[in-house]
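Have a look below at one chain only, the form predicted on its own, in structure tokens format.
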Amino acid sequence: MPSLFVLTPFLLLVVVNLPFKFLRKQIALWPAVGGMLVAQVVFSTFYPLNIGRGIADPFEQFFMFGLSLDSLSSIMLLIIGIVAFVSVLVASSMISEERQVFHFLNLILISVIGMNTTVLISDIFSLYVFVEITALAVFVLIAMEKGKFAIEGTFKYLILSAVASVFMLTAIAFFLMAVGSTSFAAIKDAFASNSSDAFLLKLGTGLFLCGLLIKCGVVPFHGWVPDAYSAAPASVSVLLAGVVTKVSGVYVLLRLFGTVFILNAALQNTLLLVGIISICFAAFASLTQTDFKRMLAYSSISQVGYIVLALGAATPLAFVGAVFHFFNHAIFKSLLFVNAASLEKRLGTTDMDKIGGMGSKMKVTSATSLIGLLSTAGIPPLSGFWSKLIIIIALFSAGRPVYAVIALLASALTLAYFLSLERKVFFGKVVASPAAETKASFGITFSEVLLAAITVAAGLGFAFILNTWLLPLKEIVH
């Protein structure tokens, strides 16, 4: 029942905001929100396992827009649940002031509602609305601590997001003029029929692509990403880098350009070029960074480039690789941002020039960061290896060997800058003295172990994941 993924966080949001102080005190906010997200993770796994399919949704009549659950949206719901849950765990260790906790959890619930509805919606205008709802919640989350750099990062994100919104709304207007409807099915049929309004459809597609590339934060629209990711509070960085920008930009790109729009040669070449430039530029930029979180931000741009590159190959196998890399990137990038949160909590900084020799003092953080960086670089048998392998094979199969070779070589750059990070932060002599907090909290340690375990398990269990979760994606690709 797709509607439950929207109604459950909405009802929880209403309950915690009822004007009764005694009720709010009786509700354990952290367990309530965390439990809801765990339930989302559990139930989002039902669809690929053929559990619950065909059950009527009694709440569907209450929605003015259609909701549909397929193999792609079920994977996205799983990712949203995992990353949001981890963000809540990290926040429980980093935020202590009662009022700030209340505001944080409210904004998390709003963002989850926005993201869940985005991946379930089947109408392009409604999709845009919920993308913007998610963005508004995240704007506030980034600036929640009211620091100078947080405000600056929020402002850059806000301005570029507004530009993206103009492109997307204009595109939707063209689709409405050409098709008379904003539903995915109607737009898809219009593309397939080669209607007389083909020019409007192409113009709308191009404008929507520009908006989405800004939302994705790929080169040359990447300027807001390092500032927003590095300046946000630790728990928000996890949410932002792990899932928010991925759902708001990358998921929409996968959904529309993989299952609705027709990818002509010009669009394919655009995606391939943007993807490969993002991979290489951001990888080289990562080599020059001295701040842990800024390096991870540039690494995120590079890894999103792999997804865009795969989509440009325009084959079902490439689409499967793109979705799997989406999943892997959400997990291992969230893991690395949790590692950054652990360092920040203990040392009060993420400046790698001020950190050193923490491997012996923070063994869990050191070990899990090694797993995360090796998976990012595509080292077997971790999960990142398999998704990159699928993408590279798909590029060769699609007659794009040059892109495949460059993407393969770029993984060596990824390994280089992450090994540099590992050497600076966890090896060598101790540079920084621990702050007042000398031990990592349970929430952060548990998050590190959980995400590392998922990364390892997804790599070792690749055959099961391929047959159960990934191959069904071919059914929805046009």
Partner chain sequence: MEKQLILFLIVMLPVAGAFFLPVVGRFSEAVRNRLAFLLVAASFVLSLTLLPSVLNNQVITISQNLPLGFNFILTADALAVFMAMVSSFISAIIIVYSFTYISHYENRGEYYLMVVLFLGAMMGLVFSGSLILLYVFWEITGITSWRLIGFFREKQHVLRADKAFLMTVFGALLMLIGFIRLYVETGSFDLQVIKEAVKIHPLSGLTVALIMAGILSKSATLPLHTWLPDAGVAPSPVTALLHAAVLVKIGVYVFARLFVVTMPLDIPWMNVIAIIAAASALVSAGAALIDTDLKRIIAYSTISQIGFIFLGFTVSNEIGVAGSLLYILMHGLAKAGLFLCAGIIEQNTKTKDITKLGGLMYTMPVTALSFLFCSFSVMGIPPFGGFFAKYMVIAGTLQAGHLAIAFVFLFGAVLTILYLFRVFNMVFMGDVGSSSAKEGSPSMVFCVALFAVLSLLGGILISYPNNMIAIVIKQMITGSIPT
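Keep in mind that what you see is a predicted model, and the values were worked out from it rather than measured. Positions refer to the first chain, counted from 1.
Heads up, the form predicted in complex with its partner chain isn't pictured, but that's what we're talking about next.
Although the partner is absent from the chain shown here, 386, 389 and 397 each have a heavy atom within 4.5 Å of its partner chain in the predicted bound form. Of the candidate stretches 348-356, 81-89, 238-246, 401-409, only 401-409 contains residues with a heavy atom within 4.5 Å of its partner chain in the predicted bound form. Though its partner chain is absent from this view, in the predicted bound form it lies within 4.5 Å of a heavy atom of just one residue from 379, 267, 285, 190, which is 379. Screening 72, 95, 317, 260 for any heavy atom within 4.5 Å of its partner chain in the predicted bound form leaves a single hit, 317.
For the chain shown alone, residue 272 is not a contact residue for its partner chain in the predicted bound form, no non-hydrogen atom being within 4.5 angstroms. Remark: residue 415 counts among the residues lining its partner chain in the predicted bound form, judged by a heavy atom distance of 4.5 Å or less. Under a 4.5 angstroms non-hydrogen atom cutoff, its partner chain in the predicted bound form lacks residue 46 among its neighbouring residues.
Heavy atoms of residue 370 reach within 4.5 Å of its partner chain in the predicted bound form, making it an interface residue.
Taking a 4.5 Å heavy atom cutoff to its partner chain in the predicted bound form, the contacting residues in 447-474 are 462, 463, 466, 467, 471, 474.
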